[in-house]
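Next up is one chain by itself, shown in structure tokens, the form predicted alone.
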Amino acid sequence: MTRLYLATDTSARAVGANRLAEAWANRPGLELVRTSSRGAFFLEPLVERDSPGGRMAWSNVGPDDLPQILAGSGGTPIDRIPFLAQQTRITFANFGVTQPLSLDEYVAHGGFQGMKRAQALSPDAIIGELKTSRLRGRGGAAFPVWTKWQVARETQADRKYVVANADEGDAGTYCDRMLMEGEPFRLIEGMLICARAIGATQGYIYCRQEYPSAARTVRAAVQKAERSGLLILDDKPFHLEVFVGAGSYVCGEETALLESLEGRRGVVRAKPPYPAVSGLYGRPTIVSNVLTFATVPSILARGGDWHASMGTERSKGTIALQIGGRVQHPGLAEVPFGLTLADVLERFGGGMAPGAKLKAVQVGGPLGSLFPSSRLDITICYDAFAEAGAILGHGGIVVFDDETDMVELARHFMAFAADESCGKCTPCRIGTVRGQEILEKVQAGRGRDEDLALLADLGETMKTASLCALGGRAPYPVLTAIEHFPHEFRQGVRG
């Protein structure tokens, strides 16, 4: 019996993984195992098989390639693929190896070791490990995780909650989806550790509407964990539910997410109070994204000092960078903080796609700043990006080539923000619409000198007066586009 491994990830299925499975179904002497994805999406469909020296891989496979694979001809050792070999995989260490819903495989590869250690520690000691690790939230704010946990633990309440923010709405990001589809038990384990640390009895995974496969997989994993008795904390049941949102981008903001979770329209709340004090139903609530929770089990299993030994002075551990756009090698790369943006694009992105010339790179989703080719020496860490007036966000990197119309791109981003604004505050509700109107004038060649000045003034108002990051960050891609490519905007200005 020959065993082959094929990813069941959405991205792998999108380029034909299921067609391979159907074509090879019921083939005598062949067992096809559907695994999580390696994240090297430029190689998908990627088929692997065991060999005496480890896994061998065949890339961009079609149904007719089966004889070659069965003969063991032409494959590449998986550990010699540069895209994978140069990474430091911790959170994604088991990807491409294990079956997403196999609890036995998750445990065999170190799963629930972090929870086992957490059960032997006091809640304060758990939080102490997080403090030692210097883990910062893997979302936009990059807030120290332990401080939120400490506040929630110390706040007295009859009930506390743990909420995973799986409303991964930034263009070019998909690591949360990969985790939910590929290793859902890691997310569950991280949430359980948090629940024990703060004394929570209820958890929710708020999954975006556009992730049906992720929602199904996580629900199945929760059911398996419950049947296996894993959702028990200090002899009390921990209730965990998957909640699917209605598709609003602003629900990626934690307070808007909580409004939606309570059954209301997703609108941002004024802060303070912060969710760690008064969150879901007015109770202490920890809201973190999927990647943050998924990082916690390894920290508890290996210790806070181990995690703090990687990265830069104030950005510790690894980051999952999701590389897309006009590059040769789109995919996910997990690396320690500290590489430059240029390093990442060359080593993992493989440089530009054939015939394309780099024009700009956007990091951090549709609210992220644009970097021209002359600014790619920036270090990938939270503080270097903050000093540059940018955000690292969820690690999404989108590369634009020299055919990109920067005025149209800026208009698109402002129109997106206008469409997704919850309308709670005036600077965002009105400012995004006015910004879009000005850019459309420039695009039509009807702009005036004062319009570009007005855009800058409008942007400063939105930055300082908006209630949340959607309005506060919306001007950044527009203003950085004008800063780095002024001649394209001047073409639409009549003086």
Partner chain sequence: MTTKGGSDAPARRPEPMGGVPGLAEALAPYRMDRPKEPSRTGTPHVPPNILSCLLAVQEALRCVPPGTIPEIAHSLEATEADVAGVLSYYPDLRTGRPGRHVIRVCTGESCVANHCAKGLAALQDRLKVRVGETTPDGRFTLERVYCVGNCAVGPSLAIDEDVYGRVSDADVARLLASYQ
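Positions refer to the first chain, counted from 1. Not measured: the values here are computed from a predicted model.
Form predicted together with the partner chain: not shown, discussed below.
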Completion exercise
Partner contact check in the predicted complex: of 166-174, 130-138, 311-319, 97-105, the stretch with a heavy atom within 4.5 Å of the partner chain is 166-174
Practice task
Answer for Gly324 alone: is it within 4.5 Å of the partner chain in the predicted complex, judged on heavy atom distances?
Solution key: yes
Problem - Contact test in the predicted complex: Leu409 vs the partner chain, heavy atoms, 4.5 Å - result: yes
Exercise for the section: Give a yes or no for Gln209: in the predicted complex, does one of its heavy atoms lie within 4.5 Å of a heavy atom belonging to the partner chain? Expected result: yes
Practice task
Look up in the predicted complex whether Cys422 has a non-hydrogen atom within 4.5 angstroms of the partner chain, and give yes or no.
Solution key: yes
Exercise for the section: Only one of Val244, Ile90, Leu230, Ala388 comes within 4.5 Å of the partner chain in the predicted complex by heavy atoms, so just point that one out. Expected result: Val244
Problem - One residue of Arg264, Lys271, Arg80, Lys116 in contact with the partner chain, assessed in the predicted complex (non-hydrogen atom, 4.5 angstroms) - result: Arg264
Problem - Those residues of 450-483 which, in the predicted complex, come within 4.5 Å of the partner chain by heavy atom - result: none
